[in-house]
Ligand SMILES: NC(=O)c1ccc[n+]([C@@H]2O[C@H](COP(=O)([O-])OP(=O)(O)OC[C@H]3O[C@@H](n4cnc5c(N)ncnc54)[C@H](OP(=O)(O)O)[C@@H]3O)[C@@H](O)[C@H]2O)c1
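Take a look at this single chain in structure tokens; it is the form predicted on its own.
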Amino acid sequence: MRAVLCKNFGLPDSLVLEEVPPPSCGPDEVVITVKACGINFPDVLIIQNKYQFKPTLPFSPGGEVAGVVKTAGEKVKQLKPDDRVVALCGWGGLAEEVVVKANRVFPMPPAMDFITASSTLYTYGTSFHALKDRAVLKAGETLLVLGAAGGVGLAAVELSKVMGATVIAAASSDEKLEICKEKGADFTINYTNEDLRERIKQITQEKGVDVVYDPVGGALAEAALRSMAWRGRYLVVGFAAGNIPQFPANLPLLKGCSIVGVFWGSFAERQPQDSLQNFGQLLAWINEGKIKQHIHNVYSLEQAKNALQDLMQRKVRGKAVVKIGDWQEQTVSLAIQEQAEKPKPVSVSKPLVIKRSEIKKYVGQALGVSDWLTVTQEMINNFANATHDYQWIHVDTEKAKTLLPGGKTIAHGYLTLSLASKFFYELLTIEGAATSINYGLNKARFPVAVKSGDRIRMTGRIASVEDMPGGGTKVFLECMMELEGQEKLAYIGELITAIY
């Protein structure tokens, strides 16, 4: 296989593209055929031996990938070959294949493409952890984002707007600031020709900013700290400028403010459940169209060193991605899903009764529409208790009131999916079947989140029927769930049931 290699620590020009043996996986690992690799600032640091993690030479940079599972170790139960996944590999991603610990690999949302998937975890993961967990950003507060046109900077602009903050985006050119405006920035500062402190005083009417998001460091850091409001929080995210600030210790004393470190990689390692909860919220916002990655450019594997060089020279606005291989995306886009027509209720007596011996005659048969069902908070809590999945977005109603539009908790996608079985039991009876088993899922997509208090119903159809060994019958049941009063479908997919 081909891989971009760092054989000696140095700048991107020192990297080489060579043939290397393909990797093999251990019992708790998977090998991923890489489709795309997101480029991040740690990739620039790691090839210069300036990062916290120091792999043994030679190695391939690239810590964030999207692709397809090729092989899975014997202890890996949650992933299988051909699964579309995203992974935080740390390094090794600028190659046609990479081996990754299974606990750092996550299924891709069905509607997401490889380019978007490879450019989401680092930037949004870092920025959401910074704003939600470290700054505890509240609606109505004012946030200053330095380096706002970079990958994590733009993510911070987007996320803070969704969280209800007033956003001041600061960058080095008007061109970069135009992108920040498109992402929702309320005010902009071009710190090449404007005085940062004076502009902040004008914008905040002398109050100062509640939170500073700083992935840059360098000369502007102290000016930003001096612009803090009382009890503000200064987020130390990174040092893209190359210089680590040396803050006067009296400033946080006089401001009553906090200087808060943000090390998302360590957070994800030490608090994996909290990190997964954050990703659940991010994926919900992506599916709802509230946040969307800005792709600066897509490079080939041969151009990988150019992508890293552009990032070093701060030419990248948003995210640079390296596409690996000549492939065409086949996933259904979210826009197409959301335009899907709501099912038209079909008049069918409920339940439809079919003899098992005649079920093949009913392929294509509509099953009608179920009764409306209200998704209650009690149902959400019971699902959390059964799965030990206690995300705040599912169960913490008070936190949802402060952080989510409408103040309602969101039902886990798999809770919504599990209701398909209930609806089919309401719509279909198969005579002569001793037992039926939910055999699996196919083509599951969740265009719209279902929240507590929402009413949903389902339209069903027998899509196909197959014989199974041992006299069983595999039935593919197509289902579409709609939300009352919502034009977009909440769920589209197939439930596969084995009948004996």
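What you see is a predicted model, and the numbers here were worked out from it, not measured in a lab. So that there is no doubt, residue numbering starts at 1 and follows the sequence shown.
FYI, the form predicted together with the named molecule isn't displayed, but the following is about it.
For A240, a non-hydrogen atom is located within 4.5 Å of the named molecule in the model of the complex, even though that partner is not displayed. Using a 4.5 Å cutoff between non-hydrogen atoms, M312 counts as a contact of the named molecule in the model of the complex. Of the heavy atoms in G151, some are within 4.5 Å of the named molecule in the model of the complex.
In the model of the complex, T126 approaches the named molecule with a heavy atom inside 4.5 Å. Exactly one listed residue, out of A87, V216, L143, A304, brings a non-hydrogen atom to within 4.5 Å of the named molecule in the model of the complex: V216.
With the partner removed from view, the residue among H296, R134, K176, H394 that has a non-hydrogen atom within 4.5 Å of the named molecule in the model of the complex turns out to be K176. Residues within 4.5 angstroms of the named molecule in the model of the complex, judged by any non-hydrogen atom, belong to 258-266 and to none of the other stretches in 67-75, 258-266, 272-280, 421-429. Although the named molecule is not shown here, in the model of the complex the stretch 171-187 places heavy atoms of A171, S172, K176 within 4.5 Å of it, in sequence order.
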